[in-house]
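First comes one chain, alone, set out as structure tokens in the form predicted alone.
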Amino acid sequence: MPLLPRRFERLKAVLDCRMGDLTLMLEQVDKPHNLSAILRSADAVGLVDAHLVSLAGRQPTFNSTAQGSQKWVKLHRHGTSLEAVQMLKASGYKLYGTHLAADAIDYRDGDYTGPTAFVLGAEKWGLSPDTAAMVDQAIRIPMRGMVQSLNVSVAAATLLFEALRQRQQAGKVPECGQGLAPGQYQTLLFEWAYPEVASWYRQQAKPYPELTAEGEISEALPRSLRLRC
């Protein structure tokens, strides 16, 4: 079925507001409900991707809480936390880890207007000591009750919306696609508009064809592939 014009415009409107320099690193957050809720918040704020380090043998799964957000926020999997941290730091992110350390600051006192990665651990035990030692700054969300922590998905949403608030206040929220790296906009737009066709192109190791202003694929496709559009 051809892509409807209003659907194409909706995809572009969402991509226009995506922020490629705000992300999450999740360490052993493997419960489907929590992972789903986190990705839903990530999509709502405007993240492009998130990063996951799972327990050995675990595969990420989602439930209805996600509302399909896993299609719009790419989840990168890493074998170890060290690998994920090194990659994020090499990409220029400042890592803020939720951790009740002596030097932890109130999360509202952090500066999230630059490249930022929030690092969160499993709800039951939090960040591993090794990962906690690698973050640039420990942060905490003050609690006023008997319980000393929030559900990890609620904590993630709290941090993400604080980052969004700060960026809005600083005039750093993209509105015309400037939050994405050069070429990333068109790549994501093609993958969102034609996921099955994009998968075929990746399997063939071919670059994606350009889209017309109306959202149509400019290149002639094999008949069997055209049926998937």
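When you see a residue number, it is the position in the sequence shown, counting from 1. Quantities reported herein were computed from a predicted structural model and do not represent experimental measurements.
Keep in mind that the form predicted together with a small molecule is missing from the display, and what follows is about it.
Chemist: Since exactly one of L95, V152, V73, A84 fits, which has a heavy atom within 4.5 Å of the small molecule in the predicted complex?
Modeler: So the residue touching the small molecule in the predicted complex, by this definition, is V152.
Chemist: Consider the chain as shown here, without its partner, and state which of A157, L127, M134, L88 has a heavy atom within 4.5 Å of the small molecule in the predicted complex.
Modeler: The residue in contact is L127.
Chemist: Is G121 one of the residues lying within 4.5 Å of the small molecule in the predicted complex, judged by heavy atom distances?
Modeler: Yes.
Chemist: Give a yes or no on whether every one of L100, I139 and M143 sits within 4.5 angstroms of the small molecule in the predicted complex by heavy atom.
Modeler: Verified in the predicted complex; spot residues all in contact, yes.
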